[in-house]
Ligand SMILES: C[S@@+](CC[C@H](N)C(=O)[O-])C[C@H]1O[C@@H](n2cnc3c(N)ncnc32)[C@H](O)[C@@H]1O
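Taking the form predicted alone, here's one chain by itself in structure tokens.
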Amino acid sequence: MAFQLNSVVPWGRNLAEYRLMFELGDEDMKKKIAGFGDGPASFNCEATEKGYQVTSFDPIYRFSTDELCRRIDEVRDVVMQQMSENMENYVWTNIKNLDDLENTRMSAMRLFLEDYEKGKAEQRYICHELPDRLPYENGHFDIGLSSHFLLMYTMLGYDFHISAMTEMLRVCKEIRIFPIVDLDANKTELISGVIKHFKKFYDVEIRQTKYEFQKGDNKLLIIHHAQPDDSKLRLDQGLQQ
């Protein structure tokens, strides 16, 4: 079935939020970064303006600026209504209130829309849907990021998440996934199986972050390639086949 825009709820985050969510220090930002499922975030736009290298991947990048703008307008009031009905589930510290939230999200998405056509022309916004194979060689990117998608959408199933992360790890030396909760902000049922699977081949870490908006979503999963030895290299190659 073809990917449908009406199944998407676009909701963009900005560079400052990405840096907090993913523990991206100054040295990290100098590396080659891939963002998976970035959607209408302004992370790519703002990072590019500062001279950093970011490539964003998302199936919504097959749609035009006008189509994305219309979809953002369609869901804006619905999302804000849902937020107002569930305010007790959020930490109102960095984002102070509902007006601040709406302004922050809309500002990020406006920056994205202004940059979108230019970014597509520069191959910074690429239409791609995990776990499909990416047109890059092994280890092309230093860091791969996934925000509010992998591990969160448990209904996609364990195999999907393993396959998606495996492809990310093929093209990235390290991946970071935030948060590690499900859509109800409970610890995702996938996390133990994912850790057990990948720690056989990679170094795996859970790190607490300084970012917490939805209560409980302040932990980050980091998986990176260990120093290779012959046995681990063989296991890694077997995983990728």
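The first residue of the sequence shown is number 1, and the count goes up from there. All of these numbers come straight from a predicted model, not from anything done at the bench.
Heads up, the form predicted together with this ligand isn't pictured, but that's what we're talking about next.
Heavy atom of residue 129 within 4.5 Å of this ligand in the model of the complex: Yes - in the model of the complex, heavy atoms of residue 129 and this ligand come within 4.5 Å of each other.
Partner contact for residue 148 in the model of the complex: this ligand, 4.5 angstroms, heavy atom: Looking in the model of the complex, residue contacts with this ligand include residue 148, since a heavy atom lies within 4.5 Å.
Residue 60 within 4.5 Å of this ligand in the model of the complex, heavy atoms: So residue 60 counts as contacting this ligand.
Heavy atom of residue 41 within 4.5 Å of this ligand in the model of the complex: Close contact exists here: in the model of the complex, residue 41 approaches this ligand to within 4.5 Å, heavy atoms only.
In the model of the complex, the one of 158, 136, 92, 153 near this ligand [non-hydrogen atom within 4.5 angstroms]: After the contact test, the surviving option is 153.
Stretch in contact in the model of the complex with this ligand, which is absent here, among 46-54, 212-220, 31-39, 188-196 (heavy atoms within 4.5 Å): The contacting stretch is 31-39.
Stretch 11-25 - residues with a heavy atom within 4.5 Å of this ligand in the model of the complex: 11, 12, 13, 18 sit within 4.5 Å of the partner.
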